[in-house]
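First, one chain by itself in structure tokens, the form predicted alone.
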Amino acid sequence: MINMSHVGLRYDGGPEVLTDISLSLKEGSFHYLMGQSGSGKTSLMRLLHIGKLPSRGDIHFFNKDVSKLSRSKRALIRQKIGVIFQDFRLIPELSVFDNIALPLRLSGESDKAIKTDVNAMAEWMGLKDHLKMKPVFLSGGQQQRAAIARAVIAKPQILLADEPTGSLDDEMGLKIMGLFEELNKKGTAIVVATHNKNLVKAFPHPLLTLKSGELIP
């Protein structure tokens, strides 16, 4: 699904923040991305959801070189990727319902199907009574659950999650990880950036470890 070969990334002509990154993410793979603050985790996640293009090297999504694609074609690939940002990035002008529904609308689902799917997801996430609210009126944990719901509702082929359980209690965190496991069994490739070693022990999967912008064995 994603293949990186000798990728480097720098910002505004500065030094490389990622150096010689090579990795492959296959259908049904599940990796944790770990590393100390400043190791390059956020930058690598940006490359993985095509928020940035590499300064050097090649990245192929679904056998297509993204650096050679038009902006509109890159946007089509992004529709196959669910992203849970650490700062949530819910759209403040939209209700919780409309935030969660956004990927379904982009994929052309009917209004009836959207209503059914969003209501079911909101009930599972404990957000059923908050669907008409704007994100600003939610707690941090509720915003995180809404962001997760938006990322997974369209059953993406790739799911990228940056500290997805950071604002959740232990029970909800385990529930969310169980959801990720089910998606993964159905073929979704998943990358979870986390500092939570207990999470890694509870749900063991291979590690991608960054140190000073380089992947280490």
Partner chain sequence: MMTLSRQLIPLSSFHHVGLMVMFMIFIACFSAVGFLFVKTITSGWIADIDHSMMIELPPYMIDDETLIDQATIDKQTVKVMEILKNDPVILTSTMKTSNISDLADFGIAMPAFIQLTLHPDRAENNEDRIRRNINRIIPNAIVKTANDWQRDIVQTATYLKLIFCGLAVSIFFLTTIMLSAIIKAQLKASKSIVELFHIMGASPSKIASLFQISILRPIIWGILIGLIIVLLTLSHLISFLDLGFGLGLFYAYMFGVSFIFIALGIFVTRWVVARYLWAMP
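Residue numbers count along the first chain shown, from 1. Because the structure is a prediction, the values reported are computed rather than measured.
Below, we turn to the form predicted together with the partner chain, even though it does not appear here.
- Contact check for Asp129: no non-hydrogen atom falls within 4.5 Å of the partner chain in the model of the complex.
- Using a 4.5 angstroms limit between non-hydrogen atoms, Met121 is distant from the partner chain in the model of the complex.
- Contact annotation: Arg105 falls within 4.5 Å of the partner chain in the model of the complex, judged by heavy atom distances.
- Among heavy atoms of Lys52, some come within 4.5 Å of the partner chain in the model of the complex.
- Annotated contacts: Ser22, Glu27 and Tyr32 are all free of the partner chain in the model of the complex [non-hydrogen atom within 4.5 angstroms].
- This chain is displayed alone, yet in the model of the complex one of Thr116, Ser110, Ser139, Gln79 has a heavy atom within 4.5 Å of the partner chain; that residue is Gln79.
- Heavy atoms closer than or equal to 4.5 Å to the partner chain in the model of the complex belong, across 83-99, to the residues Val83, Phe85, Arg89, Ile91, Glu93, Leu94, Asp98, ordered by sequence position.
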